[in-house]
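In structure tokens, one chain follows: the form predicted on its own.
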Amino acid sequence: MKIAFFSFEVYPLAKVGGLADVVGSLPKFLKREGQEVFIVMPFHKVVERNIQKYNLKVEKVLDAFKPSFVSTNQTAEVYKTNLPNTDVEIYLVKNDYYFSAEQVYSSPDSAEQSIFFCSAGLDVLKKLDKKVDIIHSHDWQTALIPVYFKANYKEDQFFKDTASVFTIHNLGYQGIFDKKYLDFAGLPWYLYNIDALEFYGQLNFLKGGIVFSDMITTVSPTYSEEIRSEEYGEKLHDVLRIRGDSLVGILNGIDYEEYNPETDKRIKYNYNSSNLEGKYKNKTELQRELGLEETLEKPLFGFIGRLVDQKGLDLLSEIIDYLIMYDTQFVLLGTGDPKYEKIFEDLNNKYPSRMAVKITFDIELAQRIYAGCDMFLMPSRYEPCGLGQMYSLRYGTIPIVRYTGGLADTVFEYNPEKMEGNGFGFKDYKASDFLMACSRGIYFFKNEKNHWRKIIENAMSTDVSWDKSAREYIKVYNETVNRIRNVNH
């Protein structure tokens, strides 16, 4: 089967969040399962730098052309490279007006940027004569691809047997814009109605992806159920309920070759579940780097992520004083809402010998935190899938989570009687429940060494690889193609 991925970010060429990790990993595993896969993405400025960093070959494959339907004088050129260390091809859509900012999602106009890429991306397939069975687009920035498909290309024989799959990575980001952009996109005005793109008097790009895709996936089974409820549905729950028979939750995975504590070159000491000596050395090394007391006796908690409401920062800031009272240490790495940046910098000033707060984005330090901490905190208000808990499980760092979305699908409460489970958690979004979950972790760490060792073993043996998920995606692709072809023939 031939599959084209469309995404604004792909690790390691451009990464902002978990979307990049998914699109940078899943195609490799699909290829191993015998599928033909390539990726189409914007040629961001950061992509250019990373191409040089990874010493990748780049060739121009299409001279400047104006994207179909779009009301613009801007043109696109297309270049081809490869995902590092793979034979997965990446087609890069270049335009200096829309894709030359330092940040992936910085643009003079985010709506125009998305429209330009979606239209140009479909042109890439036609101009290079790359017929595919599946177009798989990701998040709101590429959500108009299935809309173009059903509205502007419905009579086009080139796409006659092509099916569309759309993945929601986070329903909280929808791409809501003024209706005037229908004219810029060259999409018909009949789409401006409640059954299509209209959303409270505006356009909703993500809604377009949901309504017009042949199949919708999201990034965990629990999240696929949650988003059909009013609490988690971000005002799209009714639309998602209507499309319920075409909505599937497939858990993301992580690349076990890259994230392997036995071989990872980003950590100083390698280790595995049967010999944790390297993990303990990484802990003291991390403590030294952060200016914390070098001791194995105090539990070291870690948090890595965007400092925003979604990640449960209000709960975390509420319990820090109590956590410190338990004689613990804490490291936080991330950037985000200035409110939370200030709260945690102030806490760092309050507990300089117990806390290390790094308001930055540092992939290398993140890896040392995953390997060196004892416990990893994810008290998310909601979490579509979450990758942090997967990395921490892989590295034997015990996750303490709110049981929501993908966290509920990967972290299981430790049962000391059966010696089963790989972490600790809580259900109700309350600081007191979060603190109790942390307290359970601290208790086993300090008082039950045999149990603690067993929890680490359970964590490191949890299968959060892409292998199983890739096979589930192939099932979805096959079902989608069969649906389309049964209708078309």
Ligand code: ADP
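When you see a residue number, it is the position in the sequence shown, counting from 1. This is a predicted model, so every value here is computed, not measured.
Same protein, other form: the form predicted together with the ligand, not shown, and the subject of what follows.
- Heavy atoms within 4.5 Å of the ligand in the predicted bound form are found in one stretch of 261 to 269, 380 to 388, 341 to 349, 195 to 203, which is 380 to 388.
- Within 4.5 Å of the ligand in the predicted bound form, a heavy atom is found for every one of 311, 360 and 370.
- In the predicted bound form, the ligand lies within 4.5 Å of some heavy atom of residue 305.
- A residue is said to contact a partner when one of its heavy atoms sits within 4.5 Å of a partner heavy atom; residue 284 fails this definition for the ligand in the predicted bound form, lying far away.
- Among residues of the shown chain, residue 86 is not one whose heavy atoms approach the ligand to within 4.5 Å in the predicted bound form.
- Proximity of residue 175 to the ligand in the predicted bound form falls outside the 4.5 Å heavy atom cutoff.
- Only one of 335, 74, 82, 106 comes within 4.5 Å of the ligand in the predicted bound form through a heavy atom, and that residue is 335.
- Comment: the ligand is not present in this chain, but in the predicted bound form one of 248, 319, 210, 366 has a heavy atom within 4.5 Å of it, namely 366.
- Residues of 6 to 31 that come within 4.5 Å of the ligand in the predicted bound form, judged by any heavy atom, are 15, 16, 17, 18, 19, 21 in sequence order.
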